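Only one chain is shown below, in structure tokens, and it's the form predicted on its own.
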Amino acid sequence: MQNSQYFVLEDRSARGDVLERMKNGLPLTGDRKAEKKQLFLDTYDHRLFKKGCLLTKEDGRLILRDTGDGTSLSLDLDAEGGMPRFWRDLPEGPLRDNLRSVIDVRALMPVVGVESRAAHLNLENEDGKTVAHVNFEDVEVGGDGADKKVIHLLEALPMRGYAEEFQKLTRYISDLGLAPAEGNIFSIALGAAGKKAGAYTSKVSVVLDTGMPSGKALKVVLSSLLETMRKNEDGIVNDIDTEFLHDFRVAVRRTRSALALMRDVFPEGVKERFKAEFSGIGRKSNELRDLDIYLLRREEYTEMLPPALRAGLDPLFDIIEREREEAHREFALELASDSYRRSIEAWEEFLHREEPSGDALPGADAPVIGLAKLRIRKRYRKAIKLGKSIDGSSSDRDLHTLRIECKKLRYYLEFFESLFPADEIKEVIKHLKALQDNLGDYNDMHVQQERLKGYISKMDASEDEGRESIAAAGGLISELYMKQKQIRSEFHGRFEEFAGEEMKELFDDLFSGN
């Protein structure tokens, strides 16, 4: 089934003229009036919108609509329960399951509110059957008073089985001089509020030109990363969900990797100064992220254990939750501190400053394509060398070193992705990601086991609760160890796929020369 097609009217007076012309030229019947108040909910990165879903609160109910097939799910909200933040806050059922599959760990947030007054008409065929709907809507977007904006819409709504009639209807409306609007009511309402649906991404979304000077290109990349950091600060401080910290940390790590590209482009002192600054920021967020991961995996950990041991995890997670509260408080204070603000302001000033001609280094004006190919080749060769040296006797530290090198290579590929053919560069990243996933999972198993051992050392074995928690933690360590062994057994297959002849030829084709 096709989606609705919206058309924006200039003002309410245009509505009357268009309606009269349509009634004179089309077999429209009915003129039902309706009013509706909706609050659209989505995650910060608009996961529902990107998946073709709309979630609204209206008349005390949550309604999840699939804009593709027109189906919907609804749930009456408990008047005393407040607005759900996560999928797990909802009762078991289809709505909860569908939300879980899309939003995962992200919180639901109010995005935009609309109040609409609509006139609904039916388009009939020669047999008197309704083949489409035409809705004229006056929509108030935003909050009270000065924040509210009114837009006037015409919606053409298809009926299943009448695609041809719907196409004729939209062509007819276009011939009246109305241009089709992009998107659905959610994206149109957001646009009226000065925002863009689905605009946020944690990816490095920059477009570089092969001839762009390296100094300028690096600042474009680094500015994009800084923007991502800044966008996630409030979400971290307000503790909305754990992905704000995750995206913030990835932007910090990418920034540190990009700083390594500065050699022969910017003065060494600049690189060393900000390398230390961002290293400190990342280090101060480590504890909070580690604890977040434990809490996010609580359900998974519980299912790993036999039922008889599961109750012993409750005191352990009580400890983790208390530690997490303190870690969050400390990092929120860090983001509000004068030292953090000065660091970010100094970094921003550097990124927007035109370098004096006397401070320019030879590589600053060189085309970025040469820098990109050279640095990617070096990272690739180092990763291949490290990977080939790993055998059955290699330590966890050896695999961790390779993991870090692969991560840096991935960042370089993402920084310069726009310089290379899209299909080929995506193929390289796909194979690298498969190897990274294996190395990352292996490292996670190691880190989690070590932390659990630390918790065991703090527990009182003389008390029943302490003994139960020690048994549960010990059982969990055993399960994680077995899982780690399984992941390790898969390493060489993943590495061979990445280091094989096919990938080598692709790397040579993409990144040889200057």
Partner chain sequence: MITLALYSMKGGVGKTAAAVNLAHLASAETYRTLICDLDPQGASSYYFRIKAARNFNSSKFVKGGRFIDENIKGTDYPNLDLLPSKLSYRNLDLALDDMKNSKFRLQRIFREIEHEYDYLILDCPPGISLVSENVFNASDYIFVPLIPTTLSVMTYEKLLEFFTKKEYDAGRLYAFFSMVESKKSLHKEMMEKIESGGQNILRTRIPYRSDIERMGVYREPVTAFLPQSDSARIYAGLWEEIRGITGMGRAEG
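Positions refer to the first chain, counted from 1. Please read these numbers as outputs of a predicted model, since none were measured by experiment.
Separately, the form predicted in complex with its partner chain exists; it is not shown, and the next lines address it.
- Heavy atoms within 4.5 Å of its partner chain in the predicted bound form belong, among the stretches 305-313, 400-408, 97-105, 120-128, to residues of 120-128.
- Among the residues 211, 93, 161, 110, the one placing a heavy atom within 4.5 Å of its partner chain in the predicted bound form is 161.
- Distance criterion of 4.5 Å from any heavy atom to its partner chain in the predicted bound form singles out 61 from the list 485, 458, 33, 61.
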